[in-house]
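The form predicted on its own is given below as one chain in structure tokens.
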């Protein structure tokens, strides 16, 4: 009997011809309409590359320039954990790594149920929670502390992440000066700038202004990360019906044009520098004017972006574990589950926003822990089914024969642990469940979250490295 490779679930939204339609539409936008570039150095790089510049900063991009940039950018990016050269995340193939979101104003306290502004101690507790969950593979800041120096909150957030987790960090920055300080801290921990470049522990998250505007501040960050050869995701967030056409194809083509024009600038600065493709394509709910996270259109957009990134052979940025609900409830559970499954099926390399509720205004630690359970469950689903001799078990079936049972066989003993076992979900019958306290999932989830937050003690930085971070933060002031 011919032995087949394992069958694993996958999903492809666009075929190559459909990706080509969006690609050609983006080329037409950049050739005919162009984009505003509000940055002198970027304009000079584009001028030297024979882009057409008019009206001071309106740039029209020849198709050949875009094709050149796509050929320069690396097809995979690796991120390492703190203090090691071993890859923690490989952005290639259908690998999916999950991480939290950034910069929420509000915090839903799992201990009290209180909805309030973030404090620095909350950010630390959330980072420690991420560090304790193997299913969450990279860390974003999750909240803006209301009780820290408002002049440089991004630097403080980054310092807290570097101190309280050994996982790769995705950081936000207000400007190039923030980037410089954050990279300096990471380089100090890594053992120098060259060690950080060879074993990057961080990735910069930056945004383009839709429609078709490359602002001076965001382009500053783009050029800085390119110069250092450190990875960046430099992405637009087209809002269907607001800053982009209401139709998905039109918004996707617009966002694609914005990403490709950013890639050109990035690669002109340093050909071969690592660049992650991303689009935060959303739509406005016209009843509430809120940017929607929990919607089939949002998941379709994620699938489309993943297919476009694969078409370009670029690492890509995704979303998962988020909801429009204001609390960790049934709606949040439904949104988290569907988004995590879509991320795995479509192979989104970095799926962020785990723990976002209230459409990204609030972080819920309970949502993070729930999402970890779902990630674990869905990764088992993604393992699929094997067809090797041991899996088909024909000889065993013959030995047991009609009317027999398989409970006590060596084959069962060897393989039964491969089935998924939940941490939070109940599998008891009513009587046993009642004997254990009749706890609903919400009760279990709250207890698990609080216990993890209180128990985790991540590997500390040395005293000298802590002093170095403090010095860099003070110098940056």
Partner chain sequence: MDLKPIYKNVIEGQADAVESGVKAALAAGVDAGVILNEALIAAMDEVGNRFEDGDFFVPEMLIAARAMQAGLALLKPHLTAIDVQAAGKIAIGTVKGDLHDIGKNLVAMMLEGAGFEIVDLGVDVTPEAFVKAVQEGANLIGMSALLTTTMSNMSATIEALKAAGLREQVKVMVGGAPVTEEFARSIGADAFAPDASSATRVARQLVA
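Numbering follows the first chain given and starts at 1. Since this is a predicted model, take the numbers as computed values, not measurements.
The protein also exists as the form predicted in complex with its partner chain; that form is not presented, and the subsequent description refers to it.
Between the options 121, 395, 405, 147, the residue in contact with its partner chain in the predicted complex by a heavy atom within 4.5 angstroms is 405. This chain is drawn without its partner chain; in the predicted complex, the residue among 55, 443, 67, 410 with a heavy atom within 4.5 Å of it is 410.
Looking at 40-48, 24-32, 59-67, 410-418, the stretch with residues near its partner chain in the predicted complex, meaning non-hydrogen atoms within 4.5 angstroms, turns out to be 410-418.
In the predicted complex, the residues of 411-445 lying within 4.5 Å of its partner chain by at least one heavy atom are, in order, 412, 413, 416, 417, 421, 428, 429, 431, 432, 435, 436.
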